[in-house]
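The form predicted alone is given below as one chain in structure tokens.
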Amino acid sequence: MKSTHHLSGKLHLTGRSHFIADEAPVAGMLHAKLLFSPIAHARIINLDISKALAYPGVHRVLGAKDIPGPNQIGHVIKDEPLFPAEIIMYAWQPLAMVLAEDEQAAEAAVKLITLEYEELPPILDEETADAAKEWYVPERSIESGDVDSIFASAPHIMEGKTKNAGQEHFYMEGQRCRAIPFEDSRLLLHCATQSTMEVQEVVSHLLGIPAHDIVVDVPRLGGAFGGKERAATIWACMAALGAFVCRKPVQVKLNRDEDMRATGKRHPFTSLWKVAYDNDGRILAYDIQLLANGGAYADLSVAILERAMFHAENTYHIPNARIRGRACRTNLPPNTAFRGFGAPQGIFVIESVIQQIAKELALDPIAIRMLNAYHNGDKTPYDQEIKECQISAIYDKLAEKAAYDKLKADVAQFNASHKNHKRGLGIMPVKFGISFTTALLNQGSALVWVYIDGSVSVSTGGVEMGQELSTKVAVVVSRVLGIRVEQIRVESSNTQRVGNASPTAASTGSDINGNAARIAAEKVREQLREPAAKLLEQNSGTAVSPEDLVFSEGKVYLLSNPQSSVSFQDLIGFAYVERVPLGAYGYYRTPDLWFNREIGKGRPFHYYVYGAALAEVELDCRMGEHTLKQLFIIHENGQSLHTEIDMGQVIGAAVQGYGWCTMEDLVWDDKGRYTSANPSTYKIPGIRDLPENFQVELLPSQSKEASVFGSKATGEPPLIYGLAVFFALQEAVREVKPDAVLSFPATPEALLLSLK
């Protein structure tokens, strides 16, 4: 589609976009500040709030004892209190909340709270937790073929351990919620969340009031990347508790330092693997154990682990595979959803294995990847059949785009003639499954209203967070009704308009909400056919069949005679007079999804997105610094709803993935306190880190499995392309030291250490 409009573009450019807590404080509003735990694991002996309560301007100091309902905010697994009553489980865990007339008074009062505790030994890494069997649920497994017999006879066997680090979300807008009480027990929550339903459900449970008394409204988010799916709930609950108890508006708004220290991150993983392969590099069997560092409470760790398991083989057909996963409890802030949701961690391991096989056999890494690639008709380890596989064609296109053979020769020539600078190439293919792996979440609703001037209002359960879901939904409705995108307003996500909304996550935002909006708009269009035919008959004096009408370019006309038409606006005015309904509700559920966790088999994904990236780097071996010289990406995305938005998603995600594996060094001390917890100590990619030559090609496809109007997801899969840079750096290092082991992330320090 030719993309012509971006609903938020002008607002963002002129600074008129509205975000939560941008407006002036509501009259009488109380500001919340929190007492955070100074330690990762401890038994609470005493929490004295008397001095804080006496501080001028303080209205209340709330803790575990002030919660009307159960002190429990765990959603899937009920293991997380809002405030701990006895045991502290992570550093910077909120212990009490001061509500005061201004932030300064609240901050001063927090410092007057006295905490006495008995320190307990913390567990901070996944391997220690695994050894202690600190798991949220028993081990999960997926198995196909006969792994053990293959290992008994394979010509080559290799074993190893691979570690992935965590990653800070670093959204522009920090965690926040403004809660406003109304009559009776009703609350309005302006909440920075990706999941309006979860906030409504958990607050209802916590306060002991019906869900219909809680209205959650999200105008838009200033970024999220998964960090506001589950992790936003705790702050919403605090604001709601304060407003419910005090009967005054309450605002919880974390500053950057608080946000980075108190919130969970991408899960660090340790993976233990064993692979069998033949002389050509064909993988015969793969046995992997994935250990996820979930933090203090379960959060979404089990689902994230499962997605890592679903992506453990990436683009490769491995007929004999044993994939085991354990989500481990540690004393870090609860790690949570992050763009990719575990898939990048699982994919990184198999790609590390491929690189190692290529090294051992002295073969081209891309040749090994092509040899093992999926083909149509192959089955995944969880028994889903591969259809419409694009990966072989994508390799060919990538090699052509990057002039791969010449590039390899140029890199070899450069390395032969330079001692202190070395170049390397890295390849990263992607096969990413699209759907929530919890099947019940694959559903959504929409409301479409047409007003009598022909303008349209659309409500879905989707949350706008910079991915421009709003524009894509508007594009869908504009196609169905045949009107301009500019005539359509996509409303805030609001539980009164669309209830029981699944999170805007798992790259399903456009698929689920776009399809729901399509269905609602199609109902409106069908309701308008009779009055349109009647109006055209009145104008022309000729009988008109409603089935022969076309809605396009702001008009309704006869397919056989486009000159016989009526404007959409005139039709709406006429339909109102005729008492024809001008609104409709649409409901969509993704078809044919299921997975049996007991046997590790099923069809968890509606379709797959394919793509590949190639990176060229130059490493300064004396300084440990590198330049990303070139990055080529081929990304298959069906029939794009909006090419510019999709292109932006691919570029942004790839750069975010590049940051994760090369510079975003997430560090904590032996007390479980993050020491890289502000912009001065935690580096994310900037404009100067972009590759000198950055080429992205969106590959259209006529997929029968794709979603609304043939489109495919773009939100999460492209993050994995950034890992191509890690493997390029690894190859550059091995030009100096062939057996070097490069740790993750490949910071300048890590690169220098690998060269020693």
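The first residue of the shown sequence is 1; numbering continues from there. As the structure is a computational prediction, the values presented were derived from the model and not from experiment.
The form predicted in complex with a small molecule exists for this protein as well; it is not shown, and the discussion that follows is about that form.
Q: Could you tell me which one of M428, V218, L528, A506 places a heavy atom within 4.5 Å of the small molecule in the model of the complex?
A: In short, A506.
Q: Pick from T437, S478, T162, S565: which has a non-hydrogen atom within 4.5 Å of the small molecule in the model of the complex?
A: Looking at the other structure, the residue within range turns out to be T437.
Q: To test your reading of this chain, name the stretch in 357-365, 619-627, 295-303, 280-288 whose heavy atoms come within 4.5 Å of the small molecule in the model of the complex.
A: Stretch with heavy atoms near the partner: 295-303.
Q: Any of the heavy atoms of A276 lying within 4.5 Å of the small molecule in the model of the complex?
A: Answer no; every heavy atom of A276 is more than 4.5 Å from the small molecule in the model of the complex.
Q: Counting only non-hydrogen atoms and a 4.5 angstroms cut-off, does R307 reach the small molecule in the model of the complex?
A: Heavy-atom contact with the small molecule at 4.5 Å: present for R307.
Q: Can you check whether L441 is within 4.5 Å of the small molecule in the model of the complex, heavy atom basis?
A: Yes, L441 sits close enough to the small molecule in the model of the complex that at least one of its heavy atoms falls within 4.5 Å.
Q: Indicate whether E351 is a 4.5 Å heavy atom neighbour of the small molecule in the model of the complex.
A: Outside the cut-off, so no.
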